[in-house]
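The form predicted on its own is given below as one chain in structure tokens.
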Amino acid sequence: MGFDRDVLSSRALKRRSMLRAAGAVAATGALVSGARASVVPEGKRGDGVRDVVVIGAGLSGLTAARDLVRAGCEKVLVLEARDRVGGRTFNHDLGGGVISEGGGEWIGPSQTAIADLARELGVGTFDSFYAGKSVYLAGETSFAQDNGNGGTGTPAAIVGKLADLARKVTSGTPWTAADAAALDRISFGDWLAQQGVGAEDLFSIGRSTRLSFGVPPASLSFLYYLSVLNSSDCSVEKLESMKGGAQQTRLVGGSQRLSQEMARALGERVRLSSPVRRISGWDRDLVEIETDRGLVRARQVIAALSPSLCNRIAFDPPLPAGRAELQRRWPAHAPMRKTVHVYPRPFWREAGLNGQILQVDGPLLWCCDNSPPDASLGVINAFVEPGRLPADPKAAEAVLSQIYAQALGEAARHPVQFHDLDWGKLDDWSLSCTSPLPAGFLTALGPHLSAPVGRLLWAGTETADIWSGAMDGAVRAGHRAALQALGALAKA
């Protein structure tokens, strides 16, 4: 696609350079310049038609909207069902400018898309705290051990075998791997059973899998597990650890701050409390989007939300069979529950402990030191099993405080604040924090995950080519969807 370079202003060139996505940098300029010719600025057209409507104001949807506006596409609208932005990120306000993350929170060295976004938005980062010993609990017995990297631990022999297999699975299109059918036919648990792994190591691996994916190995496609591992340089250590891994870094002001900053810049283009109920005419030039706050028309639609939520929207005409089946069968059974204990200071550090506790048999999956960088408060964040901890927050606080006291000392019995976030009960729009794909799913339905359907484009972390399921994947998917929308507008 050609363009007249004299027409492009330096400002347009700057915008164009900022729109980047993996493998698409060279093509971005042509897409943006072509798209600008087809876009009429807000206020100069009376038909009320938006160029792009983005559904979902999480990291993926807001990234897409931000890219579109920076490219000169002014008639963009973001529709969010909740009364807040951020999707599966959520900040607890602890007072005095201190927060604790109730949802996704960490980023790692290879997660460059979200790190770039944070820098552009002026959001700083700091290292997670993991120095010292972790405490292991088994009934009334406890012992402390320095695990070195802040991870939960996976045996070296298994780590090597998984790395070799993950190198053969492309994270973005795992169903194209040479042995994809065989790998997708079994669960991660099935594969582990074939390796003769001992009970202690099985416990460790199972704990890691439940923390990362929300389900035990038996409920997770082995092909899907390998595709996620491929994103982390085929390294289990990088997937699980704090030091050098995906849990190494936190964001100053919390992960939800990224969405809040993007929404602030987009202003009135973000419309909250606007759940989408119906999408009509996705196969025609103008798409109609029906929300609880009225009807919106658009030339392109980006659905930046989990496929399980897409399944709650009525489509007219019905979606193609493959895409409809993917949405119907998409797993939404890993809600997760995350709690926060707040203390006047991180007292456990004085005893050489890092705040991490792993319980062999109980409601606590894992907890860690989530204190602010200046240690002005002591904060313990925990991942717990929803069915094994009382639903009542006060009762839940008491149970966890008892566990913490056994591991960290009597001071743990007396938190000054407690916060409890059960993502399965938070609202009608979360359903599941993660998407643990079962055996057989990817090879049957994977190709329909991100393929455009008429005027519909799909975003959300689930559709990412790299780091699917992570915040970084959400940002990458937003960049890709924005480029696709600009290309479609240019062709129009």
Partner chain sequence: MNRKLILTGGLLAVGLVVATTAVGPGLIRGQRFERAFKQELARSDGDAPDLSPTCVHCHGAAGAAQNSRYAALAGQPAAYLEAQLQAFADGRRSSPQMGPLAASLTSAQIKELAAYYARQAPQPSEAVAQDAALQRRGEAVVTARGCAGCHGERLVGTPAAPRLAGQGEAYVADQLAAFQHGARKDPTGAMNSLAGQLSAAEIQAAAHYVAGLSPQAAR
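Numbering follows the first chain given and starts at 1. As the structure is a computational prediction, the values presented were derived from the model and not from experiment.
Same protein, other form: the form predicted in complex with its partner chain, not shown, and the subject of what follows.
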{"property": "Gly214 within 4.5 Å of its partner chain in the predicted complex, heavy atoms", "result": "yes"}
{"property": "Heavy atom of Gln247 within 4.5 Å of its partner chain in the predicted complex", "result": "yes"}
{"property": "is_contact(Glu74, its partner chain) in the predicted complex, heavy atom dist at most 4.5 Å", "result": "no"}
{"property": "Residue contact check: Leu431 to its partner chain in the predicted complex, 4.5 Å heavy atom", "result": "yes"}
{"property": "Single option in Val197, Leu389, Ala118, Ala177 placed near its partner chain in the predicted complex, where near means a heavy atom within 4.5 Å", "result": "Leu389"}
{"property": "Of Val252, Ala218, Ala324, Ala405, the one that lies within 4.5 Å of its partner chain in the predicted complex (heavy atoms)", "result": "Ala218"}
{"property": "Options 166 to 174, 408 to 416, 265 to 273, 336 to 344; stretch whose heavy atom lies within 4.5 Å of its partner chain in the predicted complex", "result": "336 to 344"}
{"property": "Interface residues of 455 to 469 toward its partner chain, as seen in the predicted complex [heavy atoms, 4.5 Å]", "result": "Thr461, Trp467, Ser468, Gly469"}
